[in-house]
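Single chain ahead, written as structure tokens, the form predicted alone.
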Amino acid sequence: MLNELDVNPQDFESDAADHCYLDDLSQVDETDAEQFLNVGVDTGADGRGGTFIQKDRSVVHCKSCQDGIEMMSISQAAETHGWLGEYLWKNVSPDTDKFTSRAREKPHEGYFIRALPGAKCEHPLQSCLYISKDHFSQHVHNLVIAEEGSELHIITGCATSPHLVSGLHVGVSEFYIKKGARLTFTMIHDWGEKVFVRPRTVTRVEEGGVIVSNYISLKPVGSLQMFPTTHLMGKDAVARFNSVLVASEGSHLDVGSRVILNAPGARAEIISRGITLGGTIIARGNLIGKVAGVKAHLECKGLILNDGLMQAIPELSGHVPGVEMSHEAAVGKIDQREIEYLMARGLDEDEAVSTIVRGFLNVDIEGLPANLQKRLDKAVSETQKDMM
């Protein structure tokens, strides 16, 4: 992993002015609203069933519009639900590293989202964790619970104000997927060239539960270090992780997923696509089979378009006979034969390369609503132009 000593949380400011609560999303500042939209958070709330927005340390809007779906700040949830202590800091220990310790010592809210038993999300919920104060260290603690037989769909966008130069984001997230429940979680990052990002996420999935996690980072970032761990604790539990990464010059992305398969019939899939334009991508995947009758696959592919580092680190660990796990990893450049094939059909060289890159960065991934898919297609097109 990227050495955690490269960033010292105490070098950043942990205090910020309070921002006013907004009863209506139409009151969101126009510049902020544009930044939100870049990461899939729509202040028009089109096709959304609830919204949570945090600016620096202040929750500026929070509302669920669906029966059976709770959405509130983590502090409000602690006041509302006396049993919350059974979940908070149970998946993630505050002593894990200096970042989790910082989040415990100087908390800055975060969201609580819960689907009651049998509740189904009619429309995705959206949340935005936003930094507007320069050189601010934002520490959030998020808790998501999908109760038995429920379905949750969450789109989380993380971004910074256009004027911001540097900052630190620490996000501790704990997910609980109960028996037969399903969570689709899509996270889109658009930070800044001198912003350091340290998510710390652990998920537990019970019998027949499903977690689908999509992660997308196409814009420059100072450094990103994330290695979410999922425990498949119940029979036939499922985890699917998809990531699409672009590392511009100066960016350092150390991104991966670990899935521990602890029950018969558990299944896991980790799919990663990365392109370096002069930055560093370390793509990790770790599948651990603890019992017989589990199946898992890991696939990591990377393209180097400019000098940079693309490193794939797939790991498989089987502890008993009867596990089925596989991996595929490939790192390299665009095949010249593919370029020539497209040029022979009327494209010039730049168009051919662009078409190949677009196919490689395909973000047609499970669980994305149509309007968000269109925005991501546009973001991919803009990324292609930057590459060319």
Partner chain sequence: MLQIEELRVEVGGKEILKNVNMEVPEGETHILFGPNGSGKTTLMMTIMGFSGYEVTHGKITFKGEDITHQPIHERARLGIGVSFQRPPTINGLKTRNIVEICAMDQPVDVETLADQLDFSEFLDRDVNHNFSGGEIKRSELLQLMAQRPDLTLLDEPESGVDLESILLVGDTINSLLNKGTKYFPRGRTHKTDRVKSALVITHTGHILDYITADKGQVLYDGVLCCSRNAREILKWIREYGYEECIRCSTN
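Quick caveat, the model's predicted, so the values are computed rather than measured. Residue numbers count along the first chain shown, from 1.
The protein also exists as the form predicted together with the partner chain; that form is not presented, and the subsequent description refers to it.
K.L.:
Residues in which of 342 to 350, 28 to 36, 57 to 65, 316 to 324 have heavy atoms within 4.5 Å of the partner chain in the model of the complex?
P.N.:
Only one stretch qualifies here: 342 to 350.
K.L.:
Does any heavy atom of Glu338 come within 4.5 Å of a heavy atom of the partner chain in the model of the complex?
P.N.:
Heavy-atom contact with the partner chain at 4.5 Å: present for Glu338.
K.L.:
Check whether Gly359 has any heavy atom within 4.5 Å of a heavy atom of the partner chain in the model of the complex, and answer yes or no.
P.N.:
Yes - in the model of the complex, heavy atoms of Gly359 and the partner chain come within 4.5 Å of each other.
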